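Single chain ahead, by itself, as structure tokens, in the form predicted on its own.
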């Protein structure tokens, strides 16, 4: 592989790993705050137990996310020095704001974790609110930087190709920010909700059908159900914006080669460059024009209208988009089914097929998230800054990127193993504590009787 491919592979692997922890850093604090708030209101100890358990898991995930995020920061400078030299003045504001939000989150997380028996119940609950807000803010600031790469504004190019008259605020609030930020935020809540629900559904399948598992499942599905609806709305808005701002990406998303009025929508299928069409897919006449512009006769530019060197890979983009949309629809249907059964029977459903589907929904939601980022990043190619700086011109020319990639793989494998091990030990300890508490209660009942 050449340096560009190795740099992309290393950065992509790091991002795929980090984003799973980043979204939990956004969604899990909100669930903690809600659970503890419900305990304050109802005095039901189950809600407090959930909040305590989630806080311990979040402490582990936060630490691992901080490590993987730091690695990404180094990779930007090591693998993409030309990109950072070109856009450093732009990235300064969102990255500085993200750093401020991260430190704010870390401070209040320390107060939260060590304040259970040192702060009043209300004061302790209040410390969870800045964690949830700063976690969301961190995600929004980072996505602002990515949005600028899709629609670069807030500067002018000098005759030597450098950025002049940089307006960091205008760059951060670029046109893509209005669609990328909301979609990323609700996607984080979708993933968190389904992952939490998946854990408690797995416990119920093993016979632990107690109030804690039922409430953990219900709260996770409440977040997932509300967020998946919003993800559909924000995703639709994002796709229509891409139709206007990045027509090559939009054409690749749908595997459309020929510019057409009344363009069809392709469900599934594989784009073939050799034949300039999608094979093995279902074609819905005029649906793409209707979805893109609310006009069944609207014109949609095809890939053939762009120079070959400026086209993204339609196979990667189309398959990623279909995976994201298809799995997302299935997750939405599953959430609707869960809540229909819950509201109809006025109790948490415990049918094994449904619980099994909820277990699978956790990793499926992560796959949807990763596929969405594949669409964003593969669809922008061959540009790292759309229309201005090519990816091939932004990568490092330093040697030995192959061994570097291998080192990063070992690091991430170690982090993944350590994280899984710590979370499993945490769950095992919690079950042991529950068993001891049950034994003590049984002994008290025997003494009383």
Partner chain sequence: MTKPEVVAAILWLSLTAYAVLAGADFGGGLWDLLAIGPRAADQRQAIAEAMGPVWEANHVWLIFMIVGLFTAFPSTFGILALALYLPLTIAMTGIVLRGAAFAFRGHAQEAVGPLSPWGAIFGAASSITPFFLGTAAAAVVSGSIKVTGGRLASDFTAGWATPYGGLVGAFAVAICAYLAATYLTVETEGTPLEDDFRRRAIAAGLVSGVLGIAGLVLAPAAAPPLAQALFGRGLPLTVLALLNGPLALLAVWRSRPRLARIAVIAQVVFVLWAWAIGQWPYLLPTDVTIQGSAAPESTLSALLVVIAAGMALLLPSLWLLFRVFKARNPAVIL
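Positions refer to the first chain, counted from 1. On a predicted model such as this, the values are computed, not experimentally measured, just so you know.
One more form of this protein, predicted in complex with the partner chain, exists but is not displayed; see below.
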Work out which of 189, 338, 108, 243 lies within 4.5 Å of the partner chain in the predicted bound form, going by heavy atoms. 108
Could you work out which of 239, 371, 293, 97 is the residue within 4.5 angstroms of the partner chain in the predicted bound form, going by heavy atoms? 97
Only one of 24 to 32, 404 to 412, 378 to 386, 43 to 51 sits within 4.5 Å of the partner chain in the predicted bound form by heavy atom distance, namely 404 to 412
Even though the partner isn't displayed, in the predicted bound form is residue 92 close enough to the partner chain, meaning a heavy atom within 4.5 Å? yes
The partner chain contact in the predicted bound form: residue 257, any heavy atom under 4.5 Å: no
Please tell me whether any heavy atom belonging to residue 166 falls inside 4.5 Å of a heavy atom of the partner chain, as the geometry stands in the predicted bound form. yes
Quick one: does residue 115 come within 4.5 Å of the partner chain in the predicted bound form, counting heavy atoms only? yes
If you apply a 4.5 angstroms heavy atom cut-off, which residues in 381 to 400 are near the partner chain in the predicted bound form? 396, 397, 398, 399, 400
